[in-house]
Ligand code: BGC
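As a starting point, one isolated chain is supplied in structure tokens, in the form predicted alone.
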């Protein structure tokens, strides 16, 4: 009996040790992502670490606030500055490794999001070789990272992509990733800015189940983007969101498209971006944020709000304080 007990114990220990190396069900992986926040895309640290505003402590603050992951917005073409052979700068990888190490040390999952859509989308065909070279370098560099690090192929592909050209584009990148990262969870969204209404055109490979589908959500756009200087909404202010019957019905129609697609394709969903610009009134921002976030969670979707600092900000860098009404709308305080 003692030998059997010892054998059983040894077997259990071996299984426990091997678990991190075993393929995790992609729905479990999505559940682990849970609640997240986009970080680092526009921080000066990519050009000069000494000028960076984001510090080690911010990873700790994000975790303590109740977030489960960070979506690190990478610009390999802008910041990696690939040479003629596709090699990225050592400084780029040094900063990337620092960010990943800090996130993991604080118990946060990591999404490495290829965020160079503004550089690629105007000329997808012309930028494709450089894009694929970057993914070759990123995939090789990160191939030994744990399964708590995920890849996202490209943020918001638009406007020159067609659905067909985008499907060809991400398939080429996925093939490169799978050469060195056969069991890495990969996130892929539809063309036209990862729009909810475009999911039906996303044709994921049936033989690769370790993929999470992503969409972004900023509806109604005249509300969430009012006053943004880079859109047609820059002079349109005073738009409120009160949760009227019509507003809720519009959202239900949006979300039902995602629910139906996810069910038909048996894929988990990640809401990679959502948020409201600072020119909207705070009560409306809080109502909208709280409502959409609870809807995401009701449907079992993970999410990453846009974004930690700069605009649509969750954290005020000058004062080093949370924008508490938005933070609490995203992650409600536990009742005593």
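Keep in mind that what you see is a predicted model, and the values were worked out from it rather than measured. Positions refer to the first chain, counted from 1.
Below, we turn to the form predicted together with ligand BGC, even though it does not appear here.
Ligand BGC is not shown here, and in the predicted bound form it never comes within 4.5 Å of any heavy atom of residue 46. At a distance threshold of 4.5 angstroms between non-hydrogen atoms, residue 27 is out of contact with ligand BGC in the predicted bound form. Using a 4.5 angstroms limit between non-hydrogen atoms, residue 155 touches ligand BGC in the predicted bound form. Remark: residue 93 does not count among the residues lining ligand BGC in the predicted bound form, judged by a heavy atom distance of 4.5 Å or less. Just one listed stretch, out of 170-178, 238-246, 79-87, 225-233, contacts ligand BGC in the predicted bound form at the 4.5 Å heavy atom level, and that stretch is 225-233. This chain appears without its partner; in the predicted bound form, the one residue of 59, 288, 306, 67 with a heavy atom within 4.5 Å of ligand BGC is 306. Residues 306, 311, 312 are the ones in 288-312 with at least one heavy atom within 4.5 Å of ligand BGC in the predicted bound form, listed in sequence order.
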